[in-house]
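Look below for two forms of one protein chain, each set out as structure tokens: first structure 1, then structure 2.
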Structure 1
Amino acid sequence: MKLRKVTAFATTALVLSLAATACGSSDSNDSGSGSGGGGKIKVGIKFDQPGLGLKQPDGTYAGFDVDVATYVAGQLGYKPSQIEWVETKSADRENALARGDVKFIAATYSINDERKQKVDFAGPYLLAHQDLLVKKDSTIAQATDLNGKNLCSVTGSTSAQNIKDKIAPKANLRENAGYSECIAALQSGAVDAVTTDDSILAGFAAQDKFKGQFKLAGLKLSNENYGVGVKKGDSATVTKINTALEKMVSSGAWQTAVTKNFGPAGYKNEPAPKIGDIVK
């Protein structure tokens, strides 16, 4: 009788142990919190920004943010084949992190005080600036030259409003749903300039179909410190990503990624920023 009780107890313990192991294995694969192995890590990027985060016709992904995210994931223990790319549009980045849809986000995600209330940031890994993209032979040399000219940006853009409110109030602002429409308008001559972050503009200008047609004005109208977004309170992941970013810079991989993705547009990038050094 005693033997049967012990055997039953041992059997129950074994079943519970196996169940716990199975649950732990499933969580590791989905969360991306482990050190690779056979699991996956979900990473948020943009799908529609050439030079930064672009889903290509063949289903692969390319751009500076993609290169940064791939390097970081590698330092966390994940091979490129273990990365699951998730489109994270600007308006949904904070929610995606809060819901746990992704482990981290590298998507032209400027660090600011308002966002730091909702998410934590590693980095910055790039200092960008608001700028103008104009035709190669354009005489526009400063933002005030936009008075009386046609300026394009996306609907609700703070970049365009910054120029209208503070720099060139007489500019004729044209707002489109996306930057692709603005670039097409610039190419056709319908507008004289397009404005947003210089990194985004350089990415579009570096596309094969636009090579040699445009130039950046190089005006540095604002400072945009791109950081890697992480779920609020996940300080361990922030520390690991910061270490990865420092290694990416020191190894030369950071500059290689900048040159590859932005070089054809003549993008004069800032030196790699130091971790935690936010330029106001």
Structure 2
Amino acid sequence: MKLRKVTAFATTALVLSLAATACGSSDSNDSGSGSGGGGKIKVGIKFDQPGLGLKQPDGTYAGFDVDVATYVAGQLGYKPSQIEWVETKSADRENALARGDVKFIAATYSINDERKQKVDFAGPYLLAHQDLLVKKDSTIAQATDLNGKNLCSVTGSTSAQNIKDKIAPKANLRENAGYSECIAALQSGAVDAVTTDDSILAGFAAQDKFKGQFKLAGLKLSNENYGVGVKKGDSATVTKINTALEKMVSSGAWQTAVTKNFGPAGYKNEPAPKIGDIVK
């Protein structure tokens, strides 16, 4: 009898300690499946897009997407120190979510039907437009001027796809892994123009090292509705992120992030979109 009681107690203690261990381990390697605790959350951003997602020389991250992601993670229960930033280049985003490398992605990620086959989106949280960046003295002023010219964009982007499908199928399109490589090619004269979202191009043009060298054509060649990407089927996270984005706008934090990140580049952004309101 006495022995039985001891065994029962030991069993209970063992169960309790196993439960505690299970909680601890799911927290510590959370890409994250729940709210904060002591664990980390992995978030996908761009590392080379000034004003949106930029890894700075001191190793910290800055930009509008970084601020949106930090706010969203906060609402999911994670402090900034619990965020692990992961670079998700344009062509890697769907796979990174499918593999579970990251919990969500805020990386100038346009919502479209093709991508919705593979991932789910919360948002949108920003509306941008495809545009062209050219040298200050360039005569390229509209999309038809691109035919026969050397143009740079990024693999896996809507910008590259739009050029091939409709905007300038006869342009000589070169595709790189990131926009920073395209900007270097524009500066060296290897290409005549870079095309992607105006939000991204404005950020590059305003960098000290490029000041006065480039201009945006100011063409609204497409509507790019930025969403927060999550793994296909994770509707619970989509709902939580939508609530977080709504709060970011209503609390004024969205406008603060816009002013801080787009102000220096003089980027005239569109007003905050409503959740689910996709501009075609």
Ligand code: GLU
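Quick caveat, the model's predicted, so the values are computed rather than measured. Rigid core (definition): largest C-alpha set, two forms, superposition within 1.5 Å. Residues are numbered by position in structure 1's sequence, first residue being 1.
* To do: Sort out for me whether 1 or 2 is the form predicted on its own.
  => That would be structure 1.
* Asked: Just one of Ser222, Thr239, Gly156, Asp165 is at a hinge of the rigid motion between structures 1 and 2, so which is it?
  -> Where C-alphas switch their better-fitting rigid part, the residue is Ser222.
* To do: Mind giving me the turn angle of the little rigid part against the big one between structures 1 and 2, whole degrees please?
  => Interdomain rotation between structures 1 and 2, rounded to whole degrees: 27 degrees.
* Backbone CA shift between structures 1 and 2, Asp208, after core fitting (angstrom) -> Residue shift at the C-alpha: 3.9 Å.
* Asked: Core overlaid, Leu186 C-alpha shift between structures 1 and 2, how many Å?
  -> In the core superposition between structures 1 and 2, the C-alpha of Leu186 moves 6.2 Å.
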